[in-house]
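Below, in structure tokens: the form predicted on its own, a single chain.
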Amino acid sequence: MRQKIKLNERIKNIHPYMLVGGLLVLLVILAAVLAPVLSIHDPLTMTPRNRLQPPSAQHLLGTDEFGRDVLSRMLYGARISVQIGLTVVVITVISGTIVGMLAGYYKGLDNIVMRFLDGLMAFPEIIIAITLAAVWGAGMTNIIFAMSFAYFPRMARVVRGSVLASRDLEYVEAARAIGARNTYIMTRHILPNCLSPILVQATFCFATAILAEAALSYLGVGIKEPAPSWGGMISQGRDFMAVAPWLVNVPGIAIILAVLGLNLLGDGIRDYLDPRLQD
């Protein structure tokens, strides 16, 4: 009975941002997963006679300058954005957690590692990603590694801060006193305290990765044609904004909803997991 009451209290304390953000993120993920089912037309098929058609019953969101269905390209563009975002989050969380744990736990490594990370964070993350993508070349794999390298220092700093707050606690000292190995202490006693900030930071990293991928594709160093990309769709549609505004508005709205949903979800998770922010 007590467990049921506690569960009901936790459900009532769920932040509205988490609900709204979770719904928007769910819609984006469903659009990405169900793209082959929801797409009536092939996103790569060109039909010049249907170029720049406004939204209609046949093409719900109109067509682009090559006669390709905008709705189909937007759905498949969601697949690319979600795939890149999730992969960047996984790589960033793994690498950032390892580096942050080592830097925070071993005092001798802290100064060396953090000065290196401070040097990386002195440059805007998007500039690092653009530079690496331009050097390595376009393509999904290169974009993923470029963004992961640009964003992992922030994750490492978040993890390092949590480790510093936990490494000298009583139960950690007790485990160290009975002869527990450092790897055991870090994984069993310290890492659980880092999961909440890691989860929150991962949602923000996901949103930033989607936005950065769109920016890279817009600048021509991201996903190349004919593969659909939200940033690439905006870049191509800007020349036809006067006659076909849907070419820019549709992918632009998709990016706004995806990034807004992830940021709201991250804020909601932070407020839900942090007891100091609860009423």
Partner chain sequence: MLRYIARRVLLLIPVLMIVAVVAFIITNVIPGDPVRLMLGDFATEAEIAAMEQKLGFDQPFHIRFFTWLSNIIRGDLGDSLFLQMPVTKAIFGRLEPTILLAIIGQLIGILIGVPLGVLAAVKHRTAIDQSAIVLALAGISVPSFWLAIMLMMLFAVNLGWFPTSGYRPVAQVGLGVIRYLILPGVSLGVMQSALLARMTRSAMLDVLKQDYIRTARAKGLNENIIISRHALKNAMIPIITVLGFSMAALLGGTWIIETVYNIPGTGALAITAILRRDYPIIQGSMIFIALVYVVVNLVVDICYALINPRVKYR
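Note that the structure is a prediction, hence the values are computed from the model and not measured. Positions refer to the first chain, counted from 1.
The protein also exists as the form predicted together with its partner chain; that form is not presented, and the subsequent description refers to it.
- Using a 4.5 angstroms threshold between heavy atoms, residue 193 stays clear of its partner chain in the model of the complex.
- In the model of the complex, residue 174 stays away from its partner chain, with no heavy atom inside 4.5 Å.
- Looking at residue 119, you'd find a heavy atom of it within 4.5 angstroms of its partner chain in the model of the complex.
- Proximity of residue 252 to its partner chain in the model of the complex: non-hydrogen atoms within 4.5 Å are present.
- For the options 158, 202, 132, 144, the one in contact with its partner chain in the model of the complex, meaning a heavy atom within 4.5 Å, is 132.
- Contact annotation: of the candidates 28, 61, 221, 35, the single residue with a non-hydrogen atom within 4.5 angstroms of its partner chain in the model of the complex is 221.
- For its partner chain in the model of the complex, the listed stretch (180 to 188, 162 to 170, 132 to 140, 82 to 90) containing residues with heavy atoms inside 4.5 Å is 132 to 140.
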